[in-house]
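Only one chain comes next, encoded as structure tokens, the form predicted alone.
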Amino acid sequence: MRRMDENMPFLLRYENVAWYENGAVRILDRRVYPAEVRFVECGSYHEVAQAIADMVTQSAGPYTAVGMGMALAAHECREKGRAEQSAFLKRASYDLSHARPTAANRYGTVTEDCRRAAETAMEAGSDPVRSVVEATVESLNRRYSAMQLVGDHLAELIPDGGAILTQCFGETIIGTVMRAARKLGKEFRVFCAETRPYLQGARLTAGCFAEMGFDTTVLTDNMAAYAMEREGIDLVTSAADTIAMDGHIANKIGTFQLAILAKYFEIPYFVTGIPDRDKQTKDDIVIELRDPAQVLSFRGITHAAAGVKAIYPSFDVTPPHLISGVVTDRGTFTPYTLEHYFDAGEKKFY
């Protein structure tokens, strides 16, 4: 099977996200990358779900991890009776897809495909583990292929020799927009907001762009207005953990304020991704609230005084009037016309 992660940065190659092999799933620990290249090994699907909840992998990483976690679940229940296997896999699908709540609908599309692949394999007397791994790779290929079209459209919007400001780690779109730019012979500078408290922008996004030879600069999160005013930012872009049909999007906390700044400086803000038809309005978006202690320290070093409190919403919701366009595999839509994305029919994405 041809894989769609060719010529991608290290972080975006399938095995370097999450991979099943010999009764275990190994997941690249993005909490410490690039200071360390360390993999967390999971011996049960519960450990995979916990690793996702603990941010061992994030952004689009869980799409790979939940699929490989389903392969591990199929391995775990291999000695059980047929009915027990089905029940075990059904529970695993739910547990893995709900490891983090905001994108549970998307994760569930992957885990349910994997569950059905395992069931079909068991009915045919073939290896369900292999079938689930293959289903996961097919899902990855499908998503990477669709996101290449998104990357192609986004690359066309970036001025040659211009500058973009990114938010968090957009995962696949990072690799695909770089491939598209190289194909077009287009160069641009990249400014990456660091995105505390895990610094995904500084550690992951910036590293990918730099690895592929793009002029890359990291900003602390409170430097965005300065950069927009003085560094010649032409375009702000982010992925989205969910895109509701009414044009509201949820993305890494801080996206909302970047969108406000972009509007103030008259810089277009483009969101990348596929609309979630099962989320009609912003009221359908669940904001994950994480342990506030993660804001008060970083990698074991506390930087707040005793008695100081914190809050840690993982995401915020950006309203449609701040969004210049939603860039999809079918072109760019205004946030008010997302229903037209489906005029060409349903399309399997995850």
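Quick note: we count residues from 1 along the sequence shown, nothing fancier. These numbers come from a predicted model, not from an experiment.
What comes next is about the form predicted in complex with another copy of the chain, which does not appear here.
- Taking the partner from the other structure, another copy of the chain in the model of the complex has a heavy atom within 4.5 Å of a heavy atom of residue 289.
- Although the partner is absent here, residue 312 lies within 4.5 Å of another copy of the chain in the model of the complex, judged by heavy atoms.
- Another copy of the chain in the model of the complex is approached by residue 206, whose closest heavy atom lies within 4.5 angstroms of it.
- Another copy of the chain in the model of the complex comes within 4.5 Å of no heavy atom belonging to residue 120.
- For the candidate spot formed by 217, 226 and 302, every residue has a non-hydrogen atom within 4.5 angstroms of another copy of the chain in the model of the complex.
- In plain terms, the part of the chain that comes close to another copy of the chain in the model of the complex, with a heavy atom within 4.5 Å, is 263-271 out of 263-271, 125-133, 88-96, 234-242.
- For the partner-free chain shown, 195, 196, 197, 199, 202, 203, 206, 207, 210 of 195-210 come within 4.5 angstroms of another copy of the chain in the model of the complex, judged by any non-hydrogen atom.
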